[in-house]
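Shown here is one chain on its own, the form predicted on its own, set out as structure tokens.
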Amino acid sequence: MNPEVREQELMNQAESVVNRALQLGADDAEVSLSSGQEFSCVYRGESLDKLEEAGNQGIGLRLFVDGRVVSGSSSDLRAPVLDQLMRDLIDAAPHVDPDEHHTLAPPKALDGQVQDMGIFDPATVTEEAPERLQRALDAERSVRGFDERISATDGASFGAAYSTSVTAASNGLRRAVTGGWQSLVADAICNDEEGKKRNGYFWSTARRLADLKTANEVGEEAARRALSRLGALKPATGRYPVVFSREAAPALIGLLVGCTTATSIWRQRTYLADRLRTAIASSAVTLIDDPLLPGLLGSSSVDGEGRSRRRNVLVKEGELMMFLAAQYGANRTGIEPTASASRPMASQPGEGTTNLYMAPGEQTPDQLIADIDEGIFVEGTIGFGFNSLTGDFSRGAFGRMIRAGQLAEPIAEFTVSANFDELFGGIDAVGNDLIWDRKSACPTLRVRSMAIGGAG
């Protein structure tokens, strides 16, 4: 696949659909087209449990008619089908309430130039299926052969995908991006003495195939994690210092940043609405969204509305510096757009993050733990317990006790609870272990005190 050729082919088609929509009566039109391929396989034991490989294509339209916006999508790109879809949308427009805030970005804002961000690896296209199958099988064998206490697995899987996406609109927007990724996942299961099943999983995801961890690395780490949870008990209810691992911490910053958008303000779903330029966290906390870091899962030089991406500092040393805004949210709130538009296929762009991270500190994770006489090390959280209007947070969790500055026995089936002002305000140290293995990355972090619901 030649990305440049494919991008031009799709762009020509998108422009043709925009022009046709205007001919049929739309005042403005926006068209997104995507085309790509996906591969996935799963091994359980020595058996191939799942194998899928398929091409995909789709088109999404937003048509602006007399102050109203109608949208639709189709996986059938034949001209007569799209013609009928546009006619149906335009006919439906009078039944939609007008909304003056629905606008395309002004032409003068379309300053984005698509750059090579290192998000497409030709090996994602050229690697043959037998190599992919072998990688998943090797990961599964690595799990099962690691220790005789591994009683089962939930399978080892390999997936890869690439796609080309283009957007054209009557305001002059022209945006084309080709990207890909691959992922290897393993899951291990073992039984403790009471018959409870303990799971451990591990994964590796990367834009470049060469950056993917090996099957042995993924499988053995999944097995180690399962074995480390054998015999886990509930900790005693109380208040403890809590250390969130670098794998548990990204969920926290994702929830916080979800409260720093123009959409959350106009929908009145954020406890931070009136907190701009005030402290919302301790001075140890700096949150940055940087789309211009090359080769990462969120890297992009142009946002979904055609603006040049930029590095946004959301929280600086604990102070809330900005709210993210796409065009619609900007129109509703008066906040200037922040080049943070995330594009769905066939609805209005909203605010989204790219490569979101908490700035690392200087201490190692072991050093964060060393100062704690008795505490909780959270390896992962479970559930959806967060109220964005109040900032109240409570989730199930699993991990290990900290005793005398060392990780001790495994614990599970407990809750960690705090208001976000208390939680983020109580972060007194951030680790130096920032690792980009997902779109949102966060080092290990330590909170002075949190409520733990467990036994007793």
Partner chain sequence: MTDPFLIDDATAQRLLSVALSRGGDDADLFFEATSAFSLVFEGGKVRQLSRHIDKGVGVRVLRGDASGFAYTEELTEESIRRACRTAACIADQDPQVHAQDVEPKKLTYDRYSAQMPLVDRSFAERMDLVRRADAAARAADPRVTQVEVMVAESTRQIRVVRADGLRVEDHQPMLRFSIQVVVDDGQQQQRAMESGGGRKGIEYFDEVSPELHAERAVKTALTLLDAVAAPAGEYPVVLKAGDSGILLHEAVGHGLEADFNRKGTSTYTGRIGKPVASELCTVIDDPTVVGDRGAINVDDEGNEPTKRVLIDQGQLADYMHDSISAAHYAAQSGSGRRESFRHLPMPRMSNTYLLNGESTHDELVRSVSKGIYCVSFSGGQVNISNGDFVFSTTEAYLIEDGKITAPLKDVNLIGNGPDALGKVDMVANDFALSDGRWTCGKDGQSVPVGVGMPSIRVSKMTIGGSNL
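Remember, it's a predicted structure, so these values are computed and weren't measured experimentally. Positions refer to the first chain, counted from 1.
Keep in mind that the form predicted together with the partner chain is not shown, yet the notes after this line are about it.
Worksheet item: Which residue, Thr364, Ser71, Ser342, Ser283, has a heavy atom that falls within 4.5 Å of the partner chain in the model of the complex?
Response: Only one listed residue qualifies here, and that residue is Ser71.
Item to complete: Evaluate Ala455 for contact with the partner chain in the model of the complex, applying a 4.5 angstroms cut-off between non-hydrogen atoms, and reply yes or no.
Response: So Ala455 counts as contacting the partner chain.
Discussion item. Taking the partner chain as it sits in the model of the complex, is Trp266 in contact with it (heavy atom to heavy atom, 4.5 Å or less)?
Written reply: Result yes; Trp266 sits at the interface with the partner chain in the model of the complex.
Fill in: Interface membership of Gly383, the partner chain in the model of the complex, 4.5 Å heavy atom rule
Yes - in the model of the complex, heavy atoms of Gly383 and the partner chain come within 4.5 Å of each other.
Discussion item. I'd like to know if Asp76 sits close to the partner chain in the model of the complex, meaning any non-hydrogen atom pair within 4.5 angstroms.
Written reply: Close contact exists here: in the model of the complex, Asp76 approaches the partner chain to within 4.5 Å, heavy atoms only.
Practice prompt. Could you tell me which of 25-33, 424-432, 400-408, 55-63 sits within 4.5 Å of the partner chain in the model of the complex, going by non-hydrogen atoms?
Written response: Looking at the partner contacts, the answer comes out as 55-63.
Fill in: in the model of the complex, residues of 157-190 near the partner chain [heavy atom within 4.5 Å]
The one in contact is Ile189.
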